[in-house]
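We begin with a single chain expressed as structure tokens, specifically the form predicted on its own.
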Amino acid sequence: MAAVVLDRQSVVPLYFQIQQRLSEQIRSGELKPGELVPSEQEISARLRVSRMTARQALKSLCSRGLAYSQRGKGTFVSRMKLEKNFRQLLSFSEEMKDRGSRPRSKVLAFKRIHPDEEVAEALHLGPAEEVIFLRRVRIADSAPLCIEAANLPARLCPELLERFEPSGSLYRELAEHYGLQVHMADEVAEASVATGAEAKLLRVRRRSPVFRFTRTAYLHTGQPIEFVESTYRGDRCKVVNRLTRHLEIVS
């Protein structure tokens, strides 16, 4: 922070100037993933700003997904963007653990419902069949990354509502207690913007860029087991794929 110079005559708020300098240090690698960001007290003392200004700068940094806070420990630099790889079929918990992050979930809904036409068609359900509906905010290192709404045929996982802790790993529960192992999935990604409600849950501004993923997962028999709609923060997620070109040799 010693190298940070604030323009106190600028119309740009001091907290935003501090947040921008910290963002630059994170992107340049000067502050590395997992490293402790200067504290509120440190920023206030070194830059001669109020504690409220320092607090606002750190809060803004966290809201952009560049850092996350842990009560009693401080604010830490977040890891790089989550790479959504279409060549791998992983649950959110598996993805986060693979990249060294700590996954958590905030449960918004967990209930048995009659599905809409799109869900019923994707899961090959009859007119009277119900689904288990689980909607969660998925969190990594204290930062919300996505809103995920999963639908599962109720007949395939009876008593799921009673036995499953909805903040845990759904794929693990299906495999261990029902013998249902997800084998493959069709997934579609679309670019969009966050609604007001989504923005509040993801801690971003309304109409911020997001990715919308729609996934239908299948058992090895080809039977659909899950239909999921997810909304990922655009500032924390990127889609990665490997393309190959097969050339024909023309003589």
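So that the term is clear: the rigid core is the largest set of C-alpha atoms that superpose within 1.5 Å between two forms. Start at 1 and count along the sequence shown; that's the residue number. Keep in mind that what you see is a predicted model, and the values were worked out from it rather than measured.
This next part talks about the form predicted together with the DNA, which is not shown.
The candidate stretches are 68-76, 167-175, 111-119, 127-135, and the one lying within 4.5 Å of the DNA in the model of the complex by heavy atoms is 68-76. Of the listed positions (Val188, Ala197, Ala191, Met52), a single one reaches within 4.5 angstroms of the DNA by any non-hydrogen atom in the model of the complex, namely Met52. When contacts are judged by a 4.5 Å heavy atom cut-off, Cys237 does not count as touching the DNA in the model of the complex. Interface membership of Leu14, defined by any non-hydrogen atom within 4.5 Å of the DNA in the model of the complex, is confirmed.
Contact between His220 and the DNA in the model of the complex is not found at the 4.5 Å heavy atom cutoff. Though the partner is left out of this view, Ser39 does reach within 4.5 Å of the DNA in the model of the complex, counting heavy atoms only.
Three-residue candidate spot Arg21, Arg27 and Ser63; no residue lies within 4.5 angstroms of the DNA in the model of the complex by any non-hydrogen atom. Superposed on the core, the two forms barely differ at Val228: its CA moves less than 2 Å between the shown form and the other one. Once the rigid core is overlaid between the shown form and the other one, Val188 does not reach a Cα shift of 2 Å, moving by less than that. After superposition on the rigid core, displacement of the C-alpha of Arg163 between the shown form and the other one stays below 2 Å.
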